[in-house]
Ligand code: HEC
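First, one chain by itself in structure tokens, the form predicted alone.
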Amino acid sequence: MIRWLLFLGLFLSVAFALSPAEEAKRQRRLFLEQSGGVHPGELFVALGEELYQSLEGNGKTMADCDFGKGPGVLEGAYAELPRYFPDTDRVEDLDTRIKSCLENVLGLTYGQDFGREEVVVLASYIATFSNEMPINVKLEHPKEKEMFAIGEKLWFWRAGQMDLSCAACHDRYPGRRIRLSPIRNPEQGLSDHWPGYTFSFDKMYTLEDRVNFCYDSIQIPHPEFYSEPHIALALYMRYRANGNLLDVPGFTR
């Protein structure tokens, strides 16, 4: 018993000495060692690639979709999202842009021809074309600046029975933990590893899912997928993370 307690104390002292980014890398390394070096997220990326190449409608394919670099150009596109798109006259994150392209370019219907799972695997695939690239979100268009201001307000907005905000945890307590999960602020990589594989649920999630997890955990009704609050928060977080290298598909508990 004493030996076990000493081991536990040593483990906690080492674990809590690590930064959130280092702890995430440590957990990822241990899991990959135990799984033979296979990143489960790559399986979802492969599904996304297959779907990207097979979807069609209106005589168009996914290669006719523009994610910011021109139709069919995926290299570096995710690193600059969210951004303003003239064809929809709105700022869109990756999830929303995928939905817009499938609906407006291919003529598909959400909830009938495709759904949330298809958006997630497509996002996972498209995001890999920006892996290890620096985040480079800009505030040039007036609607980008407007969306950033909304995101900033949402970041500091306190609500719910717990009277919490995003900033209450992520800006005030970066480097600490909630249970076993490290707390990061945007500059420390809060948004850099999404889409990411979460081994607790054996699923791939995007940044929109991650935001919903936070809202649920502090008992506030989360925004609808593809809605303005999601886009605004993503723009705010990723603008603060400019210069950080993307690590996708990510890997979390």
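Here the structure is a predicted model, which means the values were calculated and not measured. A residue's number is simply how far along the shown sequence it sits, counting from 1.
The same protein also has a form predicted in complex with heme C (HEC), omitted here; what follows describes it.
Undergrad: If the cut-off is 4.5 angstroms on heavy atoms, which of these, 170, 99, 116, 90, is the one near heme C (HEC) in the model of the complex?
TA: It is 170 that has a heavy atom within 4.5 Å of the partner.
Undergrad: Could you spot which one of 215, 199, 52, 225 gets a heavy atom to within 4.5 Å of heme C (HEC) in the model of the complex?
TA: Checking each option against heme C (HEC) in the model of the complex, the one that comes within 4.5 Å is 215.
Undergrad: Taking heavy atoms and a 4.5 Å cut-off, does residue 110 contact heme C (HEC) in the model of the complex?
TA: Contact check for residue 110: no, nothing within 4.5 Å of heme C (HEC) in the model of the complex.
Undergrad: Please determine whether residue 231 contacts heme C (HEC) in the model of the complex, using a 4.5 Å cut-off between heavy atoms.
TA: No - in the model of the complex, heavy atoms of residue 231 and heme C (HEC) never come within 4.5 Å of each other.
Undergrad: Does at least one non-hydrogen atom of residue 126 fall within 4.5 angstroms of heme C (HEC) in the model of the complex?
TA: So residue 126 does not count as contacting heme C (HEC).
Undergrad: Would you classify residue 211 as touching heme C (HEC) in the model of the complex, given a 4.5 Å non-hydrogen atom cut-off?
TA: Yes.
Undergrad: Taking heme C (HEC) in the model of the complex, would 45, 74 and 94 all count as contacting it (heavy atom within 4.5 Å)?
TA: Checking in the model of the complex: none of 45, 74 and 94 is within 4.5 Å of heme C (HEC).
Undergrad: Within 130 to 163, which residues have a heavy atom closer than or equal to 4.5 Å from heme C (HEC) in the model of the complex?
TA: Read in sequence order, the lone residue that approaches heme C (HEC) (within 4.5 Å, in the model of the complex) is 155.
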